[in-house]
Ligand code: COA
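Just one chain follows, in the form predicted alone, and it is written as structure tokens.
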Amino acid sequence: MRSLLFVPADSPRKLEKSLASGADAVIVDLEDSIAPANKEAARVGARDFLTAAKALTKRPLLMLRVNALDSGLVERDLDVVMAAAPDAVMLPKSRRGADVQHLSVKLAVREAERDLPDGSTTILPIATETAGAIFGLASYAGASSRLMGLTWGAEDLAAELAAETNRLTDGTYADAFRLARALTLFAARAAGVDPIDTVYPNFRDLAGLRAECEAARRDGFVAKMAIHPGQIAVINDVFTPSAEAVARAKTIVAAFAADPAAGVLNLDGAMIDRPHLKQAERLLARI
């Protein structure tokens, strides 16, 4: 999974267009993009869209972003939309691993009620949207078998911190937000799940998006979220391993397979060791 596209659940036109966007995952949003008065209609729209999309032969991963656990809205979100059996649920404003466990219980009940396989609905938390959540990042490791990844958010965090902006004049993140991003990467790897980078809000600036994607890939992120279909091609291009990278990874794996007792090998004049093998295996697992 390289790209995840947010789509408001109360826009049938945008939902339909999302299926042709090329996104690996579509996030049907019931939270920030939906006005309070439209929540119920959005739930019905999400359910109907997901039901129809799940029947398609070729489709993206279908994810539902519910409202936050403390909003008083998540029970109704799940009661209505779990009938459509989304592949995954995005949990906004997650504070710690216990929040994933809390949501997991809610999902287990609704899976049982609808004769869905236990554990079939995975969870992707947005793990940095509150100040306190930073201190809970280590708790995601081992929290739930449903955990599919970790991502972070810079917009809600800026509001939480009363920051004037989350980016510097050159477009890069200010220190507090760089810290949140880095800690999410560490927490995801510690939990053994995919680290997923946050959105790039200026959807017209494709050069800036590409630069941010390349920096994220360099640091270890494997995917990026998007707010506009026009961003998907760039994200997919950057996060798709190149033919050269795939060939190199296969060569490393083959070299260690031919000499399984080796700790260090000489490959094309360069020394490679077990960390290189681990990186190669991870890259090949993504194709």
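Quick note: we count residues from 1 along the sequence shown, nothing fancier. Given the structure is predicted, the values throughout are model-derived calculations rather than measurements.
Another form, the form predicted together with this ligand, is not on view; read the next lines as being about it.
Look at 238 to 246, 27 to 35, 56 to 64, 252 to 260: in the predicted bound form, residues with non-hydrogen atoms within 4.5 angstroms of this ligand sit in 27 to 35. Annotated contacts: R13, S18 and F203 all touch this ligand in the predicted bound form [non-hydrogen atom within 4.5 angstroms]. Note on contacts: among I227, V222, A68, V234, the single residue with a heavy atom within 4.5 Å of this ligand in the predicted bound form is I227. At least one heavy atom of L5 is located within 4.5 Å of this ligand in the predicted bound form.
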